[in-house]
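Here we start with a single chain on its own, the form predicted on its own, put down as structure tokens.
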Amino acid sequence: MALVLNAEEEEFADSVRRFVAERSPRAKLRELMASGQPYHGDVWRQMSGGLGLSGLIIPAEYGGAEAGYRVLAVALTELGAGLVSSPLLAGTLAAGVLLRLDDKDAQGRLLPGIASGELIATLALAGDVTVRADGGTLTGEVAPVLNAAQAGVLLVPALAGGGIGVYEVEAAAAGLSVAAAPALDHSRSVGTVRLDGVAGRPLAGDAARALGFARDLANLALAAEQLGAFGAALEMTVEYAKIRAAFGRPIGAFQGVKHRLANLRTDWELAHAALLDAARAADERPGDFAAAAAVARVSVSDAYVAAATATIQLHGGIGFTWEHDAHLYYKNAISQNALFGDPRAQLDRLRTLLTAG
């Protein structure tokens, strides 16, 4: 069935889940928080080289796995559950844009490195495009940009001659500066990109179409990460409710607690179905993908915030401490909602898509 994982997808999910448990448990995130590093290089090399996660949507001719968007969603769900920090989302969005453009030279030069994980690429896109291009020279500011400080190549959308284009910019380009942004969510590295007369190589193809797809892909990817984290936070809370006693009974036996958790589980199941439908649309029904991806994002985003809030509240006093992991999920939930348009923005997008259709 389209709305549940098949046997192969279950097996793949299990392999990623084991990888997260063994190689990147939440203790690894706390190590990053203490060190100030954006991600563990050894974990990233194992993710990209060992599991091949960096090339899931990239065609085999460029060194990718060509596994499709549904498999990508499965992987991101498991990584989201563990709050794994990596440049995977940044590279996936950059690859998605390159694959929707017609620049074979850029595809041949950049996609193999993205697929192998050796090249960190990012898409300098946040809200509306405000960077301006004048004869291939770019000026403006974009924030927040995923893994901006770690990227070797940035794909920068810019306004030019009444239209829009995408420009390839090297990280070492003169006039380019990147400032790391303070992170509420320690599992995500973002930065502010400033361009002051930066030379950019214009990429051939329909930029508006490619960027529209990137926004839809961002919705799918973020929904997958949020769904995984939602499920992990909910599971953590359910297990605690079984062992924490009050008035001689586990708190999970009280109606107010059990009903709240049951409602969150229902929300998770609905969001899971919406996510799998959106991923299938990306693979098989591209005309439906934009709306389906927006539905998936709307279905999970607010529900994840509610689950993360419940995780803190139902853990009682310990849930508010730095030592407990509850705050990691809450910060992640709030931060994820701000990327590429919050749920209200997605509802507006969905309304536009359905009206136009």
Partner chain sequence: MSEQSVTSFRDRARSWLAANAPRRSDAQEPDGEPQAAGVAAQREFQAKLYDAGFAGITWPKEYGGQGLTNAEQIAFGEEARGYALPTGVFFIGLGMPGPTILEMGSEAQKKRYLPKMLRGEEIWCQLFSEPAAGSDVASLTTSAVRDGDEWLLNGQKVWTSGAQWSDYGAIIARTDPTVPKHNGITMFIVDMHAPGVTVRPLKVATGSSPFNEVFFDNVRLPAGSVIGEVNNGWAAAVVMLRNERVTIGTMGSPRTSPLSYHSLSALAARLGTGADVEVARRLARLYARERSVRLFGQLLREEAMAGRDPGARGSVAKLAGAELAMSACEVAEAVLGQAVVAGGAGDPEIDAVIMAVIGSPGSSVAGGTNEIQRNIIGERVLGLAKDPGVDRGTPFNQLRVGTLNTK
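These figures come from a predicted structure and were not determined experimentally. Residue numbers count along the first chain shown, from 1.
Here the subject shifts to the form predicted together with its partner chain, a form of this protein not shown in this document.
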| item | value |
| --- | --- |
| Among 125 to 133, 241 to 249, 92 to 100, 71 to 79, the region lying within 4.5 Å of its partner chain in the predicted bound form by heavy atom distance | 241 to 249 |
| E66 within 4.5 Å of its partner chain in the predicted bound form, heavy atoms | no |
| Interface membership of A292, its partner chain in the predicted bound form, 4.5 Å heavy atom rule | yes |
| Contact label in the predicted bound form: H272 to its partner chain, heavy atom within 4.5 Å | yes |
| Partner proximity in the predicted bound form: E11 to its partner chain, non-hydrogen atom cutoff 4.5 Å | no |
| Contact at V4, V298 and R344 by its partner chain in the predicted bound form, all three, heavy atom at most 4.5 Å | yes |
| Heavy atom within 4.5 Å of its partner chain in the predicted bound form - residue from R194, R265, R201, R109 | R265 |
